[in-house]
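Taking the form predicted alone, here's one chain by itself in structure tokens.
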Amino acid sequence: MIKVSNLEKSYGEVKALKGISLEVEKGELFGLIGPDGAGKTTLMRILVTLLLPDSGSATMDGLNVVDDFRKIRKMVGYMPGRFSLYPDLTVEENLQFFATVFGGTIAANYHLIKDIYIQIEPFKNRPAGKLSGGMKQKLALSCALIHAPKVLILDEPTTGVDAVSRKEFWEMLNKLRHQGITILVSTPYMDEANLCDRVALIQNGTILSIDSPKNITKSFAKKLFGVKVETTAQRFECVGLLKELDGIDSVFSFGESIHITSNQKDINEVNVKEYLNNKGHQGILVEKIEASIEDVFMELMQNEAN
């Protein structure tokens, strides 16, 4: 449904996309995973015909994003990163406006948005600008769906909303996927990668890896250990000490723990703990753990830097 080949885009001297290539299958829920500035928004704006690429090509359902932009705009639902609906119009007026723009009505495609819209319908007469973050999100998704698009492109839709709203939003996307809609969604949240059929890990305008979340985590070849300490100050000190330990390849702070990797046979839970004990740190717990998407991403970033 979506095919991107060698796509490049620069803003002055800054290269936002560096030869990006990927494919999204029909009916797939595909995630673009990466931090701010990785190139996710630039890629999405090119796909929805809001930006022209410097070189390379991109097609949607066989249509070229440059030559066939008018046709593509009719078949795509787009939800940008920032809330972009009309804040002075009510919930219902916004929905009516977007349905009319595409020559349709709310009634014609209500089945597509019913499960989402019933949650905000009690507030249909409230100005969109006065909705909560989660409600704005649901309204924006409803407006993107009201013309029955073949492809839904969502730019960091869950940024800035609470955990419950994030969970509800991904449940909605899963239902839409089962209705045959192709979904391309970007997010800086690594945990959301596991909710996609496949993901592309992107950093500095470059694709680091494309595969299913399961296969990406399986590809992690090094030994990975989680190190838990008692205090925040102790964690900072231990990060520095572990970087000095021979045989350790990488050290990253993950929430309240530290993740370390190694390819050395003589590195294990016991000698890592002993090393920190000998440096004056007690109450240390070291265990071998399975890699997460974030672990893989950090490892790929480090390899790219080297």
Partner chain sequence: MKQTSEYTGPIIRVKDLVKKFGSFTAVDHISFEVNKGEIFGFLGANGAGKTTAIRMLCGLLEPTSGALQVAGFDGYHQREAIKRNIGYMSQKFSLYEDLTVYENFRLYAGIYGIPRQERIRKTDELLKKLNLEESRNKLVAGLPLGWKQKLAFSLALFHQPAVVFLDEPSGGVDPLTRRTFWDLIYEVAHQGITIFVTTHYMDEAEYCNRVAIMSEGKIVALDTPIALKEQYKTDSMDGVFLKIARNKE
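All figures in this text were calculated on a predicted structure; none of them were measured in a lab. Here, rigid core means the biggest group of C-alpha atoms that superpose within 1.5 Å across both forms. Residue numbers count along the first chain shown, from 1.
We do not show the form predicted together with its partner chain, though everything after this point is about it.
J.: Let me know the one among 162, 121, 211, 115 whose heavy atoms come within 4.5 Å of its partner chain in the predicted complex, would you?
T.: By the 4.5 Å criterion, the partner-contacting residue is 162.
J.: Answer with one of 177, 235, 147, 223: the residue that has a non-hydrogen atom within 4.5 Å of its partner chain in the predicted complex.
T.: Selected option: 235.
J.: Name the stretch, out of 139-147, 214-222, 153-161, 178-186, where some heavy atom lies within 4.5 Å of its partner chain in the predicted complex.
T.: Heavy-atom contact with the partner occurs in 153-161.
J.: Answer yes if any heavy atom of residue 253 is within 4.5 Å of a heavy atom of its partner chain in the predicted complex; otherwise answer no.
T.: Contact with its partner chain, yes.
J.: Is residue 203 close enough to touch its partner chain in the predicted complex, meaning at least one heavy atom pair within 4.5 Å?
T.: Answer yes; at least one heavy atom of residue 203 falls within 4.5 Å of its partner chain in the predicted complex.
J.: How about residue 6: is it within 4.5 Å of its partner chain in the predicted complex, going by heavy atoms?
T.: Outside the cut-off, so no.
J.: Looking at the partner-bound form in the predicted complex, is residue 35 within 4.5 Å of its partner chain by any heavy atom?
T.: Output for residue 35 is yes: heavy atoms within 4.5 Å of its partner chain.
J.: Scan 281-298 and note down the residues that get a heavy atom within 4.5 Å of its partner chain in the predicted complex; none is a fine answer too.
T.: Counting only heavy atoms within 4.5 Å of its partner chain in the predicted complex, the contacting residues of 281-298 are 294, 297, 298.
J.: Rigid core superposed, CA of residue 257 - does it shift 2 Å or more between the shown form and the other one?
T.: Yes.
J.: For residue 239, is the CA shift between the shown form and the other one at least 2 Å following rigid-core superposition?
T.: Residue 239: C-alpha displaced by 2 Å or more between the shown form and the other one.
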